[in-house]
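Listed next as structure tokens is one chain, alone, in the form predicted on its own.
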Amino acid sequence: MLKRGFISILSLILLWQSLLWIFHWPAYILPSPWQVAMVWYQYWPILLKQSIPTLTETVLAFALAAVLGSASALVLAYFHWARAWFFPWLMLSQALPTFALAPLLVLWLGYGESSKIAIAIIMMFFPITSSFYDGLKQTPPGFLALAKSMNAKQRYILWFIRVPAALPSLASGLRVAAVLAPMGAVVGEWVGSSRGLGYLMLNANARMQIDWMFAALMAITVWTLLLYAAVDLSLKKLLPWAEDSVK
């Protein structure tokens, strides 16, 4: 997997440089990979410093979204009335564009970490909830029939049969959320912030420092891949019985 990832990155860099050779775009349109690499080499302390707020917001938002999304899926699966009342709100959270909500959340929650975390949670909430809820609805019928034949109560069926069977589906939702989490934090930083990679990109855009924008974008990409890898590895360790589902 590491080898394939390295080959993919190398292919992307070659394609990037080839476009510059073919179309002769100036640096203010598309900087070369070498220019972006030089920004990383010369100013990596600044990139690292601005990465810390974004990473903090990302990790906190991911943890909160995992808890809230899982709890919401359990409520939907256990209470019939919740599906009629809560599910439309779940759909509404995705129908409204996050970019449209971001300015309001910054206005209500301020320019600190709270608004960025809230924006990221909104982006992750639906995939986590819907994936886990789908898994809870697709419990193997044989398991449920056996539990009912033993007069098991619904809450025990939920916790000891339906939840373990749905964990691979929850894992899929968490993987999707791991990719969306940094994006949500950066969107919040674009709307209003005084630090972070999104803030760095805004400043670079105002100064037409396109190489800096690409360097910040590459930093976001690296952190996103690392977060995904950490979540993926953790899920494989925690769900050894569902190896085929979590590969």
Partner chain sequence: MNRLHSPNIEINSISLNYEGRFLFDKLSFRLAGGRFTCLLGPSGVGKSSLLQLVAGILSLGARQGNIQSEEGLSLAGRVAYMGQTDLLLPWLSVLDNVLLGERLRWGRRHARIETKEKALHYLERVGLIQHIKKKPAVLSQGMRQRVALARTLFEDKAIVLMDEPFSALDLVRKLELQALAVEVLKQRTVFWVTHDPLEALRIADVIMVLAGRPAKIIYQAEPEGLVPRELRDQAYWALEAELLEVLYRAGDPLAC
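Residue numbers count along the first chain shown, from 1. Here the structure is a predicted model, which is why all the values come from computation and not from measurement.
Keep in mind that the form predicted in complex with the partner chain is not shown, yet the notes after this line are about it.
Under a 4.5 Å heavy atom criterion, is Ala147 part of the interface with the partner chain in the predicted complex?
Yes, Ala147 sits close enough to the partner chain in the predicted complex that at least one of its heavy atoms falls within 4.5 Å.
So, in the predicted complex, is His80 in contact with the partner chain at a 4.5 angstroms heavy atom limit?
Contact check for His80: no, nothing within 4.5 Å of the partner chain in the predicted complex.
State yes or no: in the predicted complex, is some non-hydrogen atom of Pro103 no more than 4.5 angstroms from a non-hydrogen atom of the partner chain?
Output for Pro103 is no: heavy atoms all beyond 4.5 Å of the partner chain.
So, Pro164 and the partner chain: in the predicted complex, are they within 4.5 Å at any heavy atom pair?
Yes, Pro164 is a contact residue.
Which one, 82 to 90, 120 to 128, 149 to 157, 172 to 180, holds residues whose non-hydrogen atoms are within 4.5 Å of the partner chain in the predicted complex?
Of the options, only 149 to 157 has residues within 4.5 Å of the partner.
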